[in-house]
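Take a look at this one chain, the form predicted on its own, written out in structure tokens.
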């Protein structure tokens, strides 16, 4: 088992990478002087992975929507007791999450990290599914789905995605639907577990006041070696066009909320993917800064408030550039955004503003390197996204104002724009 030191060429920060004999990729960042530890055990398996095959399969398997999230819930139960009970005895905080393209199990602690790591590795590798506990979970998750369907922030986001994407499963709620989870049984859960929880498809990331040798000794003892199953996932063809440009819904809320999103063209090459992500992130900083004239005008005229923000949303086969917030005048925001990008294409990206936003975004990333939770998350997320641990940080030195201009020109076009609004009932 060979230790590889991965280093940022810009900051000098480094972490240890080990390709374990079990097949697991392990990333360790020793941070002496810190009092806490954060560990994540994750798999490249999320809600979008509904169609797959492995070595020896002649056909693709299609599974019900929401099964990745369902599986995450069930792993917290084992034959003897619940995982939360085990962590309660060590004093650690534990949790898990399923996103569109990953599932992660995690703990944070200030002591007993070796014991907590053993619990993490053991419960994730030991599923326990029965017809009885699956049926029980269907009722629990069914209630969760109903709650999210009644959540305006959730609805405005997924209404936008459904208006953007024709076929890509990113438009489907992470938890699935009441109908789809009713199709899930114990055998199907074991099939998905054995497919996606193969250690060759997983990552362990741990940072904080730890010893790499101790971590690796625990991994040697608790990881169960498995052969690479040749996992292959597939997605339906997705056209460049959007489904519709606008969708509105009413709910009993105090003030209307909106998502205004551009459907961007995803890229597959990892280097180009990082470059595009960084270019988009700097673009978001430029148009949402207090010094931006569009932002100032919208704020001063009461069209937006402090909730107004912009984010880059991306994953396997999808990417969007999204404005969101509260406003009773979302149409005015749409017009202002369209005009702002038209102005930039006409006048060019201001070099002074670009440099300021680039430094600001870079500085925020550098500050995260002194945060145990952020470092562990960075190692996990970047790796599962197909990036190097420090690729996003290092790419900042290469991005130019021309890259930002080209991103706006190619991706932020009016024909790819969708406005989703949740209006006040009765208005």
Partner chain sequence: MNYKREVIGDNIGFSTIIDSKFNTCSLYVRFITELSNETSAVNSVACELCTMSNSKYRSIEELSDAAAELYGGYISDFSGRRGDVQILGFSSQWICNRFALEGEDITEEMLDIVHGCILSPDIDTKNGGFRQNNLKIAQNNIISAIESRLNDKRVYAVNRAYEIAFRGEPAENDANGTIEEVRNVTAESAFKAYMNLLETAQIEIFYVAPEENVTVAEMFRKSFAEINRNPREYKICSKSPLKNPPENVTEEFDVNQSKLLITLKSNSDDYFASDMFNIILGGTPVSKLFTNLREKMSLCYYCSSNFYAEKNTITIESGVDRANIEKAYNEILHQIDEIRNGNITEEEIQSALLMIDNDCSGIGDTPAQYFSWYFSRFCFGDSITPQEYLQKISEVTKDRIIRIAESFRLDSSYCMLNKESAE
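This structure is a prediction, so every number in the text was calculated from the model and none was measured. Positions refer to the first chain, counted from 1.
Below, we refer to the form predicted in complex with the partner chain, which is not included among the displayed structures.
Next item on the list: Flag this candidate site as yes only if 30, 166 and 236 all have a heavy atom within 4.5 Å of the partner chain in the model of the complex; otherwise mark no.
Entry: Zero of three within 4.5 Å in the model of the complex.
Check: So, in the model of the complex, is residue 139 in contact with the partner chain at a 4.5 angstroms heavy atom limit?
Finding: Contact check for residue 139: yes, within 4.5 Å of the partner chain in the model of the complex.
Notebook entry, point to check: Is there a non-hydrogen atom of residue 324 within 4.5 angstroms of a non-hydrogen atom of the partner chain in the model of the complex?
Noted result: Because no heavy atom of residue 324 falls inside 4.5 Å of the partner chain in the model of the complex, the answer is no.
Check: in the model of the complex, does residue 131 have a heavy atom within 4.5 Å of the partner chain?
Finding: No.
Notebook entry, point to check: Is there a heavy atom of residue 109 no more than 4.5 Å from a heavy atom of the partner chain in the model of the complex?
Noted result: Within the cut-off, so yes.
Margin query: Among the candidate stretches 45 to 53, 58 to 66, 364 to 372, 377 to 385, which one is within 4.5 Å of the partner chain in the model of the complex when only heavy atoms are counted?
Written below: Of the options, only 364 to 372 has residues within 4.5 Å of the partner.
Next item on the list: Could you spot which one of 355, 271, 222, 248 gets a heavy atom to within 4.5 Å of the partner chain in the model of the complex?
Entry: For this set of options, the contacting one is 355.
Check: Along 244 to 259, which positions have a non-hydrogen atom within 4.5 Å of the partner chain in the model of the complex?
Finding: The stretch touches the partner through 252, 253, 254, 255, 257.
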